[in-house]
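For reference, the chain that follows is the form predicted alone, supplied as structure tokens.
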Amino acid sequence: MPKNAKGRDIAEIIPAKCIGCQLCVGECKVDAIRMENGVAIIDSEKCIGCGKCVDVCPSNAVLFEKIRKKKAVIPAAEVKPGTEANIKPEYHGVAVFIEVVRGEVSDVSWELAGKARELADKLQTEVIGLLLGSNVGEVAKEAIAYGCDSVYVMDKPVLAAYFSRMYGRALVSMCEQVKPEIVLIGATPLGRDLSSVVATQLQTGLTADCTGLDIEPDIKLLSMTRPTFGGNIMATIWCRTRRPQMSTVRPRVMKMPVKDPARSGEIIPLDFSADGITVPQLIEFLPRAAEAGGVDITKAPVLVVAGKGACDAKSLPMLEQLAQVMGGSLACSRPVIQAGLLPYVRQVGQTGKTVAPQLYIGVGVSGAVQHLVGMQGSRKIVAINIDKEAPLVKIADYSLIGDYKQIIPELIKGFEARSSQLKNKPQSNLKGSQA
């Protein structure tokens, strides 16, 4: 343990771990910490060894071994009102909002239904579907096939199109009647808007864009994990004092469950009144870029992703060719978007799209946390990079270390040759090899 000239134990900063959040600077009462080049620096002669910088550091970048008194743990029986012990037992079940847009269910609803099944099993409770819309009877049956034990339905013509005030009132009413302990909503444009309206009216907490959900075994609370501090660290959040516990999750983060048409469950209709709400008239619908003939990288089975190391306009046609040969799409990380080489709809990451292709090929992608959050669900990951220490290289299933300008042409030749062999192979032999 280092000491200053006065013989006092002092704290140390680990530069490699410091994320430049400046929380320690604000907490230090003796102005012993300053920032240099985005890294905290401790003045050893000013430091009094209070250890407060250790308590607030979110990235464990401060070394301080002085033993401090531990906070007293209050037994559950002695917890004062206003904490989780004060939550009424009438709240039960893990609920999933089933998002229907123009008659089609968003895949994230079924992904969350699968995750809700895992959470409900740990809490020994049921999975509840919350369904709003018009003529959604078949969707309710599908929700049971994907894992819901019961589905509450508000099926009204006024709910045929999404309007935040209308849907907000309907879902709030549904939550007040059903009283779910947990509510999961997809972090789609609709889900982001609706979740904030509902959480505000129910006066409960909402953790947005979660990448992980679990049940804390000791206190039976929903652990909601999401990136914070610009994606540099992952924070786990609990909602101790309010119900329901609410979370939004991006599409492709959770795995799609297996549909079981043989499952049985209960479909429960609920009434809804739109009195006092002026219903807007939908005059025209403008389709998204992907629907208007653009690309939707979230549905591509193979993604070739250009990173900062391949941020070169001359190389993009080559990467596009590789994607086409493999029946996939070209995507990219944020630096490529910032350089103006590709449109935003192709960006993968925390500020872009969340993807889960069968095969992800990262070309010159370093693998910052913000990017990894958006592609962690990929089934197989291939990294092509000159830096063998790059984060993506370390998590990849396969890594090719070298210049992508030499590697990619060889891959294209190999895949084209393989494709040609399969096309020219006699059908009988092909069937025999498949058998």
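Note that the structure is a prediction, hence the values are computed from the model and not measured. One rule holds for the numbers: they count along the sequence shown, beginning at 1.
A second form of this protein, the form predicted together with a small molecule, is not displayed here; the remarks below concern that form.
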Report task. Answer for residue 252 alone: is it within 4.5 Å of the small molecule in the predicted bound form, judged on heavy atom distances? Result -> no
**Report entry** Contact flag, residue 308 vs the small molecule in the predicted bound form, heavy atom cut 4.5 Å
**Finding:** yes
Query - 4.5 Å heavy atom contact, residue 365 to the small molecule in the predicted bound form - result: yes
Query raised in the report: If you check in the predicted bound form, is residue 352 within 4.5 Å of the small molecule, heavy atoms only?
Result: yes
Requested in this report: Identify, from the list 395, 386, 382, 39, the residue with a heavy atom within 4.5 Å of the small molecule in the predicted bound form.
Outcome: 386
Report task. Select from the listed residues 361, 143, 348, 116 the one whose heavy atoms reach within 4.5 Å of the small molecule in the predicted bound form. Result -> 348
**Report entry** Segment assignment from 118-126, 276-284, 330-338, 166-174: heavy atom within 4.5 Å of the small molecule in the predicted bound form
**Finding:** 330-338
